[in-house]
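Read the single chain below, which is given as structure tokens and is the form predicted on its own.
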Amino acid sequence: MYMFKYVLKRLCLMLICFAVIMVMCFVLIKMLPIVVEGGASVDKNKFYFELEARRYIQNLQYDGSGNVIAFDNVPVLEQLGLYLKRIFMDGDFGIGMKISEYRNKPVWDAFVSRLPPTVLINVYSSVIGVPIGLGLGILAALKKNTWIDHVISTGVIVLISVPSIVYALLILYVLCFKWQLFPLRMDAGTDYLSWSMFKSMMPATLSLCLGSIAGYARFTRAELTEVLTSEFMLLARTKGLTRGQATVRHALRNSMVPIFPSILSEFVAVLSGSLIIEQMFSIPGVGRLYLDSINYMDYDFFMLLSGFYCLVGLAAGIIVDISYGFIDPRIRMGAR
């Protein structure tokens, strides 16, 4: 019952937070000037950001007399109501206006077509990064204050300190250009599960997972080192367990309580960081589309993608908190 109430409360707070963020995005867009041909800008109140797209499909809002509503005379909150009504009643997230590839095409269809590459490179980076990071962290904790620990800790510091963009440039130059192990660009097409497509995604995947490996290794070493020096570990040894048995049965299990939820939060961090990586490796994903929507001021795309990233971050926060209760039965979320 405590868990149900806690989850329900968090979901309500998540929806409220999501609504506030999206309203802020909508209002801030209304405050921006609209750039027209020749680079000139017009009054920010003269255009509703989907007006041009609506003209293409002749689906403008009409009043009772059959006249087109002048959006420059409609209050911002009323415009927001029309925008939400179109989404929830018609399932219409808008039409692309400025991005040439998706001009006059539904925003939602473009989003769905761009989603698989983004998900795949993030899944691949997690599949590679999680076991390597955990393994290095466990090895460093078990070999504390030895040369192995010093080498791993130094490498972790270097990987954390250097931005992923630098790794991406090194991977492009060394692995793709010099050694020609991978192509410089992702293969075209939608056969995402083929070997050729997987190979073309590896440079971007490696650029994303290097920072994750360092984060997992550092966190795992810190948690496992603390658990290994706990009093219950001494008690386990005095009861006859070997060092390996005590480590596997007790130390690893207890240290994983805060580590596993961090994997979810790290996945969200990688998803956000893939915005630049997708641009560098020509990955036709959601992150690259998001940057294009900002550069071209295509506001229907911007609203949809902002909502997507915001919802992913908020949902991940809830999942991380709830996962504590499943990983460790002693934790009762929402109980007093």
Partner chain sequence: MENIKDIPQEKFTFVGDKNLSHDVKLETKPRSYLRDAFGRFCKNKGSVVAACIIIILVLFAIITPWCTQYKVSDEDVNFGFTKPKLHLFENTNFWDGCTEKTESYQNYVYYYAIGNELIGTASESSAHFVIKNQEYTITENNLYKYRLDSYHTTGTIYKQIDSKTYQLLQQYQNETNRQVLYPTLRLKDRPTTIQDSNNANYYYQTKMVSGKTVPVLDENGNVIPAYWTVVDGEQPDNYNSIRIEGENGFQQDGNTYFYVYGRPVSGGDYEVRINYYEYYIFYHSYVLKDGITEPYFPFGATDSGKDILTCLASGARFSFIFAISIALVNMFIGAIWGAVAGYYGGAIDLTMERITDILSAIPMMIVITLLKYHMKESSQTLIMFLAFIATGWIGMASTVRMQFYRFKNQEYVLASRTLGAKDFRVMFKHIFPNSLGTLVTSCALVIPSMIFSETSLSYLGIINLESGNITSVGTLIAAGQPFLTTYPHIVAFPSVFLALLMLSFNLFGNGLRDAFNPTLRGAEG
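Source: prediction; values computed, not measured. Numbering follows the first chain given and starts at 1.
From this point on, the text means the form predicted together with its partner chain, which you will not see here.
Asks: Is every one of Phe4, Leu224 and Thr238 in contact with its partner chain in the predicted complex, taking contact as a heavy atom within 4.5 Å?
Replies: No: none of Phe4, Leu224 and Thr238 comes within 4.5 Å of its partner chain in the predicted complex.
Asks: Should Cys25 be counted as a contact of its partner chain in the predicted complex, where contact means heavy atoms within 4.5 Å?
Replies: Looking in the predicted complex, residue contacts with its partner chain include Cys25, since a heavy atom lies within 4.5 Å.
Asks: Is there a heavy atom of Leu15 lying 4.5 Å or less from a heavy atom of its partner chain in the predicted complex?
Replies: Heavy-atom contact with its partner chain at 4.5 Å: absent for Leu15.
Asks: So, Met233 and its partner chain: in the predicted complex, are they within 4.5 Å at any heavy atom pair?
Replies: Although its partner chain is absent here, Met233 would stay clear of it in the predicted complex, with no heavy atoms inside 4.5 Å.
Asks: Answer yes if any heavy atom of Phe88 is within 4.5 Å of a heavy atom of its partner chain in the predicted complex; otherwise answer no.
Replies: Because no heavy atom of Phe88 falls inside 4.5 Å of its partner chain in the predicted complex, the answer is no.
Asks: Looking at Val151, Leu184, Leu181, Ala188, which has any heavy atom no more than 4.5 Å from its partner chain in the predicted complex?
Replies: Looking at Val151, Leu184, Leu181, Ala188 one by one, just Leu184 meets the 4.5 Å heavy-atom criterion.
Asks: Determine which one of 112-120, 207-215, 246-254, 158-166 lies within 4.5 Å of its partner chain in the predicted complex, judging by heavy atom distances; exactly one does.
Replies: Only one stretch passes the 4.5 Å heavy-atom test: 158-166.
Asks: At a 4.5 angstroms cut-off on non-hydrogen atoms, which residues of 170-208 are near its partner chain in the predicted complex? List them in order.
Replies: Contacting residues: Leu172, Tyr173, Phe177, Leu184.
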